[in-house]
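Have a look below at one chain only, the form predicted alone, in structure tokens format.
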Amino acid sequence: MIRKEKIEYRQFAILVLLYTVGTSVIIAPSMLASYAGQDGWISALLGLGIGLLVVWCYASIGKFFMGRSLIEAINESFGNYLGFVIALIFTFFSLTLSSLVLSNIGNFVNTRMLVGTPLDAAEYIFVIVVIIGVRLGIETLARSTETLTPLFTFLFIVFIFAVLPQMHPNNIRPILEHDIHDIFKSSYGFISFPFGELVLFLMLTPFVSKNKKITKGYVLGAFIGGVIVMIITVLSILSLGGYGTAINTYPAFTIAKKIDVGGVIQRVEVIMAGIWTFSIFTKLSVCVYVTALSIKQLFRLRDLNCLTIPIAISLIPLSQWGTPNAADFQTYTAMWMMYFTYIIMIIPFLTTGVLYLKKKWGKKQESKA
């Protein structure tokens, strides 16, 4: 299938990077420290290594599809009926993930950035901007993220140096105090969130202008994004301790509020929250775009723009019904969503296996003929 829109591998890498940072930059430190405490950084390092291996497999699968999206490959592998069911499950996963991202945005804005703002108002504002971005297309979205990435990088570096006075090396000691099982338990969640969720980019690999560059963009973006999340985790543990990081819903925002450089640079958490919001907006835009593209290809529609408004509007009640607050997300949703993600992670590997066997069988039949 010929794609009208094209993005460079560099833009693809930036999309992967911001998607990886996304909601994980404000949630992952607490998640990693919940089981491993001050050893959460070890869980992050372990999860980063395994997660990059998963992403490398995704990239190899994307190149193997040869210009086909995951939905198109599923239909070709499993046929019209079974393929439709599997593709529908993947689409439902993308829609569910979109609603959870919007819920995270709404709760973060409502409880930290603009306290007291109605949840509906915060979510509607984001949804309107996302509709505009998705309707403009993936190429426009990729270019906009590329333009703002230098600002994101600069403020992130400033944030690191501003937090340095808060750090206390004793907060990370003793190392390996927790059982290895707890460390692995924390890394399970980090592998699925955010690396497992990068399966959505198998819908976008056909838009990359050079097929050979997919691996470089995929792995590089995931690596840099994962390192950023790991750095935030280490900073949170060094500043708040293992227990303080675990009980804080948004540890990174908490340490940003404490920044005080010479009594001059203070209250910079709004700036940092704005940068984090940009990465979260990118993740939500990608999720909504992939959902619309999946439905378009699933039902063989001509245009996906007719789907953006219904999908975006449906996310608001879905987000509030599934996770009405941040506590519910951490207690219930994060657990079953992790299992759901692992199930979805299997689909590309099964699809690739079936496609490979079909190609091999087809060659044998040709040779016999």
Partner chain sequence: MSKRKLLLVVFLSMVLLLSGCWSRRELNEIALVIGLGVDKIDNEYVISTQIVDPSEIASKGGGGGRAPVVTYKTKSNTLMGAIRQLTASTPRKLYLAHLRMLVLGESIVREGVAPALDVISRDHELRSDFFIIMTKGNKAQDVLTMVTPLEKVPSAYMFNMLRHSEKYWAPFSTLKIDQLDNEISGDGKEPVITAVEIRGSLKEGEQKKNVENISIKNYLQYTSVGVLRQDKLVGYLNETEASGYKYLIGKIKSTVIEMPCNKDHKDVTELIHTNSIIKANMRNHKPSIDVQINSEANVAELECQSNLLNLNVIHALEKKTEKEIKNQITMVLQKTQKEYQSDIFGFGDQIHQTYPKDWSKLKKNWNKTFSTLSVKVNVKVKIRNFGKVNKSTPSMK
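Fair warning: this is a prediction, and the values are worked out from it, not measured in the lab. Numbering follows the first chain given and starts at 1.
Omitted from view is the form predicted together with the partner chain, to which the following refers.
Of the candidate stretches 282-290, 126-134, 71-79, 144-152, only 126-134 has residues whose heavy atoms lie within 4.5 Å of the partner chain in the predicted complex. Shown without its partner, this chain lists Thr277, Thr96, Thr215, Thr111 as candidates; in the predicted complex, only Thr111 has a non-hydrogen atom within 4.5 angstroms of the partner chain. Proximity of Asp182 to the partner chain in the predicted complex falls outside the 4.5 Å heavy atom cutoff. Although the partner is absent here, Ile157 sits far enough away that none of its heavy atoms falls within 4.5 Å of the partner chain in the predicted complex.
Using a 4.5 angstroms limit between non-hydrogen atoms, Lys258 touches the partner chain in the predicted complex. Heavy atoms of Phe92 never reach within 4.5 Å of the partner chain in the predicted complex, leaving it off the interface. Residues of 105-125 lying near the partner chain in the predicted complex, listed in sequence order, are Thr111, Leu114, Val115, Gly116, Thr117, Pro118, Ala121, Ile125, the criterion being any heavy atom within 4.5 Å.
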